[in-house]
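Below you'll find only one chain, the form predicted on its own, shown as structure tokens.
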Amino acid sequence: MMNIFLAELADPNVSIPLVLPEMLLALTGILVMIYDSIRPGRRRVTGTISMVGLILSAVALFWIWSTPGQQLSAFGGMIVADSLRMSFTAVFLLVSALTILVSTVWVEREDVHAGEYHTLLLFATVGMMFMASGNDLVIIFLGLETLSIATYVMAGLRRRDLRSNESALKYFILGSYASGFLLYGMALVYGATGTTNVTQIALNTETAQFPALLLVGAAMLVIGFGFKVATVPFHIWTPDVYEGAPSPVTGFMAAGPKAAGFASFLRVFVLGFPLVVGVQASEFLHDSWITALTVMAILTMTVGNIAAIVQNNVKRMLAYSSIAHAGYAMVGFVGAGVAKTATGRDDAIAAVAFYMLTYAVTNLGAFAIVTLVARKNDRRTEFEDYNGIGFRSPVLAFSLSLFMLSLLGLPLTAGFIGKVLVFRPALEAGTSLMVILVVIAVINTAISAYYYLRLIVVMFFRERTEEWSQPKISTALAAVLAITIIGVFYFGIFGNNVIEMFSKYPVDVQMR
């Protein structure tokens, strides 16, 4: 083991192009911060610089993606360029770009320090990107903390709003505990396997000197990652934080950090703790985390949907909806873990990435409308505030209805294809447990129809008792609605093209 470590020190295999997307975005964040300190209050300039940085980062990503013979591993195997990294990073960049566009209305309305906000958003995105590209527990943890610290501050940006302060404080305290579990779990895994590299962990699982230590470490990792992706029973923070945070920040948190958590969760468990037939410690560890995640998926879907039914606040309803969708994504996660072939595993990982993409597009479209309707300080976020707006603001009402139907999983929408793809790997496993898991997921989808359709009924079939002045749709918000509506239909009808791209580079547990 020491010889491997010394060899990596002697030849760290440095590759700047492989981390170019992250570097460009980090430099953009620094540039925005410096510019804002010199010329404060220039909202449009900092927003434009941020968008340019995201575009350049996306160009660098697709250059890596499309270059034949591109180096796929660097820095001693700590950074990789596989389909998991590429697909999830594309999701992060899209989420951040849409969030900046959604935030244009909110930043002006709330008189928020835009440069500070854009800087935090960019650094949070860099953290998410490292969570997807990191093939080492240290890189994953550093990316997670970079993301977490930025989102703690973003949740409390409305400094004079008690709900926002409460949101940030709860998120910080509970997030710190979750990070502690995660770090302690990583330390125990290192103690059992002698390495923090995910590829080497998979190889050393067969010869782990302390199997019990490895099992406890894996359990703590489940707790830490479970908090980040908001699975039951680690979801308690989600409704209060989502309700209290500013609407654009809530939309970002529900899409970006959740996807980043799944990226790291998948890499560590599916690739780091694979099933090695004939090795008792590996079989026991694999069966344990598969069983645990299956139970968590069932509880997450069920609790999220049932709790969403009784909510009267739209943001809180979308928070519980986010929990339920984490449960649906967990079905694909478990499917990747029980896949019988490497191809089946890669397809399941690509399916989870695609599901997070469809959820992000749909969810951010919905939160764009919630941001517009909510007005200053998110005053109008109750279901009653949407009474009778269907034919008074047809563009907003019909767009929000489309997003609700996509979250429900109506055919020809992105949500339908996303659910089909994440349910399929579990069905292909052929075990009775996986079939039961998919059946419960389908039943939960039917349950979710109540609260998604309820919002549509409220908009079109309820009388309004208060005056309604149609909010002005800015150019940026119109662009968000156009992108998300097109995305809902494109991914729902032509999603196969995206899936093929997400599966371009196979994911392998062997060092490249």
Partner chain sequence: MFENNYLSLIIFAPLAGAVINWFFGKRANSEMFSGAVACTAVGISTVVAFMIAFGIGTPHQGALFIPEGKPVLDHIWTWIQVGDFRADFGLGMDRLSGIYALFVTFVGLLIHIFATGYMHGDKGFYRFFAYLNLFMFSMLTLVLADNFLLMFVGWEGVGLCSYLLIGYYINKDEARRAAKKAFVMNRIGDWGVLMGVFLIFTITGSVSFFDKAVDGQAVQSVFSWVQNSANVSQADPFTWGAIFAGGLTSVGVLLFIGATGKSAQIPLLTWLPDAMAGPTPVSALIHAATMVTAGVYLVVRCNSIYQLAPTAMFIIAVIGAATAIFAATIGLAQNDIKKVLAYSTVSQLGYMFLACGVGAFVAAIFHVMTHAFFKALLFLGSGSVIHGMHHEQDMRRMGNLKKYMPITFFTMVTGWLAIAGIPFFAGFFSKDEILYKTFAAQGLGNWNYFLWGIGIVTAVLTAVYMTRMMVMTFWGSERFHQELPEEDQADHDDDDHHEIPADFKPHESPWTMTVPLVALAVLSTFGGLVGIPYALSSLPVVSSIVGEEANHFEETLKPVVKKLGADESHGAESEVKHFLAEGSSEEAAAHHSPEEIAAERWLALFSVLLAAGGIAIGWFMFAGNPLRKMPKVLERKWYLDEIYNKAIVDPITEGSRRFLWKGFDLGFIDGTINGLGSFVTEIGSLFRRIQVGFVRSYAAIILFGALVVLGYFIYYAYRTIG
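Nothing here was measured: the structure is a model prediction, and the numbers come from that model. Residue numbers count along the first chain shown, from 1.
Quick note: we don't show the form predicted in complex with its partner chain, though the next part is all about it.
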Under a 4.5 Å heavy atom criterion, is Thr291 part of the interface with its partner chain in the predicted complex? yes
Going by a heavy atom distance of 4.5 Å, is Leu174 a contact of its partner chain in the predicted complex? yes
Even though its partner chain is not shown here, does Leu421 get within 4.5 Å of it in the predicted complex, heavy atoms only? yes
Could you confirm whether Phe234 comes within 4.5 Å of its partner chain in the predicted complex, counting heavy atoms only? yes
Are Leu31, Ser399 and Val488 jointly within 4.5 Å of its partner chain in the predicted complex, each by at least one heavy atom? no
Within 4.5 Å, heavy atoms only, one stretch in 400-408, 191-199, 305-313, 337-345 touches its partner chain in the predicted complex. Which? 305-313
Have a look at Arg109, Arg380, Arg392, Lys170 for me and say which one sits with a heavy atom within 4.5 Å of its partner chain in the predicted complex. Lys170
Option touching its partner chain, based on a heavy atom within 4.5 Å in the predicted complex, out of Glu145, Glu206, Glu166, Glu384: Glu166
Residues within 4.5 Å of its partner chain in the predicted complex, restricted to 187-225 and counted by heavy atom: Phe210, Pro211, Ala212, Leu215, Val216, Ala218, Ala219, Met220, Val222, Ile223
